[in-house]
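Before any questions on binding or motion, here is one chain by itself as structure tokens, the form predicted alone.
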């Protein structure tokens, strides 16, 4: 039987090309490989650890569901579901909290980083975020979890908690292994020293930006005063960022992209890059518009996926409760 693979994305607003290259593209590639039984979810419970507008949350969930489908995730190939619609995630997270040492959570780098960014909202959920992530993974018997470098620490905690639970209550969980994904680090068009972020929309290319908006943002992208086009991330980060985006969408190495534009000026590179991005996401934009025009059908797809996920998760929780003495 093929190994189970689990991953999710938080619904916190419109996705940009960094999100696509870092998550959605990997999801569709993994699904289409046929090597895994894929489970992809909307991590709405995780998204509550950061400031949010309750009136916007449901809209963000539906929009991300549409993003999944428009990007090529297929409910006939993958289990697509909403985290909060499977109560077992929260239930298992609580049980795992009782065997998680405070010291393990205090050393988490992401908690420290996010605490600095949201000093007015350092909540317990933010602190215990990695335990809920462990529950997300362990519920489905996942053997494989696609991760970037920034999530390796959380995955190691998941493995630690699986071992601790198994040692204390009997063999129940599989220790998952990470599938380290090659994620292009897409930087802001306005400030190439920082990652592309929706908090700086003028330096961010959103997946559903129209061609004119893409052209305007790319044309204003920060480069440098050099006269030639060459790939040099250290000395010329703005230009390198544009070449890396072009590279990620064409599967050419950045140096090869630079060679392709030898003798051209920055304006020509930006013109062709804007056209490439607009064309690459044209089908995505059309599909997403159609899906959002009829959100009920999108909601049905994820409701069915949530039922399937709940069935698997429920079987795991029955075993957990039996092991821990919460049921007979």
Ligand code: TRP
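Owing to the predicted nature of the structure, the values given are computational and were not obtained by experimental measurement. Residue numbers count along the first chain shown, from 1.
Not pictured, yet referred to below: the form predicted in complex with the named molecule.
Annotation: in the predicted bound form, residues 185, 233 and 244 none come within 4.5 Å of the named molecule through any heavy atom.
This chain appears without its partner; in the predicted bound form, the one residue of 229, 93, 240, 145 with a heavy atom within 4.5 Å of the named molecule is 145. Of the candidates 80, 86, 196, 137, 137 is the one whose heavy atoms come within 4.5 Å of the named molecule in the predicted bound form; the others do not. Annotated contact segment (heavy atom within 4.5 Å of the named molecule in the predicted bound form): 129 to 137, selected among 129 to 137, 247 to 255, 170 to 178, 207 to 215. Using a 4.5 Å cutoff between non-hydrogen atoms, residue 273 does not count as a contact of the named molecule in the predicted bound form. Contact check for residue 46: a heavy atom falls within 4.5 Å of the named molecule in the predicted bound form. Taking the partner from the other structure, the named molecule in the predicted bound form has a heavy atom within 4.5 Å of a heavy atom of residue 10. Put simply, residue 100 is far from the named molecule in the predicted bound form: not one heavy atom of it is within 4.5 Å. Within 4.5 angstroms of the named molecule in the predicted bound form, the stretch 151 to 175 places a non-hydrogen atom from 151 alone.
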